[in-house]
Ligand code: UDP
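Only one chain is shown below, in structure tokens, and it's the form predicted alone.
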Amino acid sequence: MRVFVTGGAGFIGSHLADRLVARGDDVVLLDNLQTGRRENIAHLIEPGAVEFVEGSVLDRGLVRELCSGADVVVHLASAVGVRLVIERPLESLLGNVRGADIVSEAATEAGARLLFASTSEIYGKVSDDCLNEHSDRIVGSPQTARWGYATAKVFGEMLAYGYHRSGGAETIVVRFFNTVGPRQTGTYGMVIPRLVGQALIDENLTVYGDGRQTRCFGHVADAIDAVTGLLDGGPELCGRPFNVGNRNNEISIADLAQRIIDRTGSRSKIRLVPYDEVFGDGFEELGKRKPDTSALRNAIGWEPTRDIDTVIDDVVRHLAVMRDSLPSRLYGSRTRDREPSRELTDEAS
């Protein structure tokens, strides 16, 4: 197949490119390198295994040109991470909305199957035991940047469904739940690479809030298995959303931090930091985020296979070779906090 990937130099995009190239697909990558990194795909660019175009999904003419002739379009380009969304709310909102519109229209015109990357953020404040694709959404005030981001991603989903219903376009929506692995950085709030980066230099691990909030972390390789399975599936998959995550890897952030310390042999301690010190007033945290992935299992037989220790270990191996650049380049750490810090109480952990 000829596959066009937006956000192709990003974390998930680069892993998808690796998989597509390995199986013999013709791959074109577009990225403006705002959050993506050329280093993620240098091993594919230099031998000519992919065509890389540095540019924006907001360039309608360029996107239309690159979609032309594609069998599949994977739209991954997006604002990523809680910190980026809060620090650049307008840029994030407009980029997501306009980019989704431009890519969806161009893919439909080209007759290509479109896979739109969405997020678990669209479920809003809902913290049921397991979220399925038809769970209700509860979002907060539109003045809160987090819910603006969630709404922008929902708009992208609705475009995908609309093009499918009105024009028969082959569109599929994937909702990623806390996907983690090599090449992900903590710069924009991704918790595992941020905590691993701190542990590798014996910096105290900063856990926001009381640390009791839980997340389910999925390995990027499992996520790519899901994406390629959906790209290769039949027309019955189109017009539908699918959760991609690992419900078996649920862990509190406090326990996650301790596990990272244990697996790295770090001398770090754990420091609790109030949310308002990091994100300002009005930040709203979610108690739990756990996916029901039975729809994906029933559709293509997909199941995640990598546990939380594998996720952590793979991030550790990747970041250990970058030790000299920690923390400013990859983790957005503002202080090298090695002073004694507040330990987690039994109740908090």
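Start at 1 with the first residue shown and count on from there. Keep in mind that what you see is a predicted model, and the values were worked out from it rather than measured.
Absent from the display: the form predicted together with the ligand. The rest refers to it.
In the predicted bound form, no residue of the candidate spot (V103, R113 and A169) has a heavy atom lying within 4.5 Å of the ligand. Contact check for F242: no non-hydrogen atom falls within 4.5 Å of the ligand in the predicted bound form. Remark: Y161 does not count among the residues lining the ligand in the predicted bound form, judged by a heavy atom distance of 4.5 Å or less. The ligand is not shown here, and in the predicted bound form it never comes within 4.5 Å of any heavy atom of F155.
The closest non-hydrogen atom of Q213 lies within 4.5 Å of the ligand in the predicted bound form. I253 is the sole member of L200, L237, I224, I253 with a non-hydrogen atom within 4.5 Å of the ligand in the predicted bound form. Here is the short version: of I270, V191, L230, A145, the single residue with a heavy atom within 4.5 Å of the ligand in the predicted bound form is V191. The stretch among 285-293, 310-318, 41-49, 60-68 whose residues place heavy atoms within 4.5 Å of the ligand in the predicted bound form is 285-293.
Of all the residues from 190-211, those having a non-hydrogen atom no more than 4.5 Å from the ligand in the predicted bound form are M190, V191, R194, L195, T206, V207, Y208.
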